[in-house]
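A single chain, nothing else alongside it, follows as structure tokens in the form predicted on its own.
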Amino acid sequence: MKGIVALARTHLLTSLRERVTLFWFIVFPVFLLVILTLIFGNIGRQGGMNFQVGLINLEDRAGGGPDLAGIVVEAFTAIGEPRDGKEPLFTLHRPGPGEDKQGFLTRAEEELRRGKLTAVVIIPRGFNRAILSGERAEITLYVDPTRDGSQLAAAIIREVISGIDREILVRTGRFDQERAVPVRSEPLEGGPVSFSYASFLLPGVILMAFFTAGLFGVPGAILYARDRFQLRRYWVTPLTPARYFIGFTLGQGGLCLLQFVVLFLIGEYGLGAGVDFSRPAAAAFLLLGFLTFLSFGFLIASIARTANGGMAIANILNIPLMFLGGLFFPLGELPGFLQAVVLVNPVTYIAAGLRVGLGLTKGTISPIASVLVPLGWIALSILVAARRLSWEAA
């Protein structure tokens, strides 16, 4: 037992003493967690989305009567005002007092092309007269179809204008409440329970840390020790391969536990993730992730003939498995060949199961599949490693 504990301690201390290992296994995950949260942390938070919108009212009000164009201006102005210290949804850009409106429109169109504005709303001349006389009145909306932000702003503006249309009908006495179509909102089954990017990201980065530690740390430690004939020295001692495996696993578990503690403290108290890892299901998926990635490391060590070859295989697998596993962003519609990688990728199932266990999402993957697919990879990796892993240098 002392030999197993000594080996576990040696493996952990060796990993922490090497600067490269310390950076990639501890510092880099922390850096990634902080940077991604700072960049995308406003996703899902009220006041976190802001669009630069140009608004030009060309109605001259010469005909008198109710100022229906003013209703449109008031609605957009209200949306553009900050509330409770939060950034408004729209930041409005309007002509200044006495400024030529046509000149402002020309400049706004140019700024839309250059990306400084996301949309331009134009209330045309004769807007009031057209509505009061029962004619078709249109509000012109300029967007940039090549930019997602402009398309999203356009969708929101159309919803705003739909609400304004109802208000105008009420003001002009033409709205029939009994004929209004009711709308009932229902939560989408399988959708997020509550979405905060920090809370979504923290479990993913923790799994990424476990993944890189298993994918690079395990074969690196075994293959370098084998190439330097260090493993041969172990076998002349009472330490058997089985005891070596147990001690190595304990040391790797200590490294992953340290990764978890550091990332959890920073994510919880530094970034306000608010994730409850004390749930039994969450702890079970963390353990499942650790064992899956550990077995992946042994699989690579059994396939590679040298330490450099093991690192090459790990690098080939790292990017597709990590980024097609939903660790950092929700996976949407992907091309067929990428979807195939997602379906066989154990990271996908572990990440989805962990977030369901944490109560962050309701999940779209079967709970049984979330367990069986990683277990299948563990069994396959152990089977291949048991047959192919050589303890002697080639």
Partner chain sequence: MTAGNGILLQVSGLTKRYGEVRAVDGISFSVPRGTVFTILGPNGAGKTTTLEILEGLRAPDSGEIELFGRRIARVDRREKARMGVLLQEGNFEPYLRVKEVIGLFGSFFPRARPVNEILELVALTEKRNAFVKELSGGQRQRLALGTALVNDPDLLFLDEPTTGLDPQARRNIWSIVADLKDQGKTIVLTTHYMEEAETLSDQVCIMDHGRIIAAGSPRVLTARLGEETIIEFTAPGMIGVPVVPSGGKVRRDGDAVLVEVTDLVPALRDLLAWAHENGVPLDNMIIRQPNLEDVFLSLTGRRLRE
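Just so it is clear, the structure is predicted and the values come from calculations on it, not from any experiment. Positions refer to the first chain, counted from 1.
Keep in mind that the form predicted together with its partner chain is missing from the display, and what follows is about it.
If contact means any heavy atom within 4.5 Å, which of 112 to 120, 237 to 245, 269 to 277, 97 to 105 contacts its partner chain in the predicted complex? Correct option: 237 to 245.
Taking heavy atoms only, is residue 230 within 4.5 angstroms of its partner chain in the predicted complex? The answer is yes: residue 230 has a heavy atom within 4.5 Å of its partner chain.
Check residue 383 for me: does it contact its partner chain in the predicted complex (non-hydrogen atoms, 4.5 angstroms)? The answer is no: residue 383 has no heavy atom within 4.5 Å of its partner chain.
Determine whether any heavy atom of residue 372 comes within 4.5 Å of a heavy atom of its partner chain in the predicted complex, and answer yes or no. Result no; residue 372 lies far from its partner chain in the predicted complex.
Heavy atom of residue 13 within 4.5 Å of its partner chain in the predicted complex: Although its partner chain is absent here, residue 13 would touch it in the predicted complex, with heavy atoms inside 4.5 Å.
Residues in 6 to 22 with any heavy atom within 4.5 Å of its partner chain in the predicted complex: Heavy-atom contacts within 4.5 Å come from 6, 7, 9, 10, 13, 14, 17, 18.
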